[in-house]
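Presented below, as structure tokens, is a lone chain in the form predicted alone.
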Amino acid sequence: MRRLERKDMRAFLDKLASAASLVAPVREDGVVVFRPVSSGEQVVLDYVNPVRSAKELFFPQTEVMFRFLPSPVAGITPVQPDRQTVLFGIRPCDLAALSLLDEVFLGGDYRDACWARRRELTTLVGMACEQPDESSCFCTAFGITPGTADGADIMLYPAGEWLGVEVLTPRGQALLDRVLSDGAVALGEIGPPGAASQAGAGGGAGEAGDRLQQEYLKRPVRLGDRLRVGDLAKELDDRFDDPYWEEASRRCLGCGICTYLCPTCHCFLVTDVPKRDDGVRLRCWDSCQFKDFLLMAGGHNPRPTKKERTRQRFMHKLNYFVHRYGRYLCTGCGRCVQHCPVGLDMATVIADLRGVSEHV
């Protein structure tokens, strides 16, 4: 692990922006979102998490999948991104979410070409969480921590007046080599002389870097530490007909904000838009919480009431996905906790199902 002085961060970001298309957290209308930036001055560093997750950079809310020509000419032209991109400041929960969506879009017999292309072109620069939100973050419930770097190409660990820089992949090393190539920005050693934080005091650079990393891996997350899902997936095998789903569904408004802000929800709708001389196939986000989501041409709807739709959302993430992929489809980012207008969020439902509501 190397050391980047915080005073050099703007210059570091400028170099990232010159090396590729840079997407980073910015503040717009009072909220933090990921946006393309042209300089480090636009980037905010004092944030818990952008209100919208990183999934929309790989799975846009609306996208053209390909263009087509009508018969008798008939032809298809794929539409795929071609720009090298650096995503800066992604938190451990969103890194974990991307790996879960990789299972969906890249696993099995079919690869989603649009998702695969964006993943191939994007270098991920992660940022460990200095201060997880006490009332909404619960990543540790799923075994993720404020310092988990799985999926990142480069991971940054804030440590007072400097940040630890850990390169994790050849792609991350290639990016860092480009950023440092002209000497305008330099990384130092994490050593004892003049070290500003406890992590930098004593031992060699390797030991100090390990201490900093361990500090983040063990950092408490109040809500997540109380939830701990454990073997909840197995417990839910026998709770498909549990009266709880009817009770919980009474609160749901069916607005779908939980699914749109969730970093792992991935329902979508595909539609063809023909024009006189050509046409496009569009893909846009959909939500299993909408009443017509499964409505069929003959009028049958397998999930006709909010009870079935509410159950589907939580059973999919806490049971079905676990049986199929061996992992929970939630990373405890806390966006549903912050934004569900009726408090029907993942943390609340887990606490209710486990009977620990009074402790969280």
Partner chain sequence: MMPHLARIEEIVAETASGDVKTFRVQFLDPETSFSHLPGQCAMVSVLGVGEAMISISSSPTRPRPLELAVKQVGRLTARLHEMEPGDVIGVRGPYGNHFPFEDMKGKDLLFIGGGIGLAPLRSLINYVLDNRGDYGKIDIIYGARSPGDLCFKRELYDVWPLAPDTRVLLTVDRGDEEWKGAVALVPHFLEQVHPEPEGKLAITCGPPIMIKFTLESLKKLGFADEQIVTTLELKMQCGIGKCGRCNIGSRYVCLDGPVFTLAQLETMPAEY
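If you're wondering where the values come from, they're calculated on a predicted model, not measured in any experiment. Positions refer to the first chain, counted from 1.
Although not depicted, the form predicted together with the partner chain is the subject of the following passage.
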Practice task
Answer with one of 314, 68, 58, 328: the residue that has a non-hydrogen atom within 4.5 Å of the partner chain in the model of the complex.
Solution key: 68
Problem - Contact residue in the model of the complex, from 183, 170, 274, 206 (heavy atom within 4.5 Å of the partner chain) - result: 274
Exercise for the section: Give a yes/no on whether residue 142 approaches the partner chain to within 4.5 Å in the model of the complex, heavy atoms considered. Expected result: no
Practice task
Verify the contact flag for residue 216: yes if a non-hydrogen atom of it lies within 4.5 Å of a non-hydrogen atom of the partner chain in the model of the complex, no if not.
Solution key: no
Practice task
State yes or no: in the model of the complex, is some non-hydrogen atom of residue 302 no more than 4.5 angstroms from a non-hydrogen atom of the partner chain?
Solution key: yes
Problem - 4.5 Å heavy atom contact, residue 31 and the partner chain in the model of the complex - result: no
Handout entry: Interface stretch in the model of the complex with the partner chain - options 48 to 56, 306 to 314, 331 to 339, 23 to 31, non-hydrogen atom within 4.5 Å
Key = 306 to 314
Handout entry: the partner chain in the model of the complex - contacting residues of 264 to 280, heavy atom within 4.5 Å
Key = 266, 267, 268, 269, 270, 272, 274
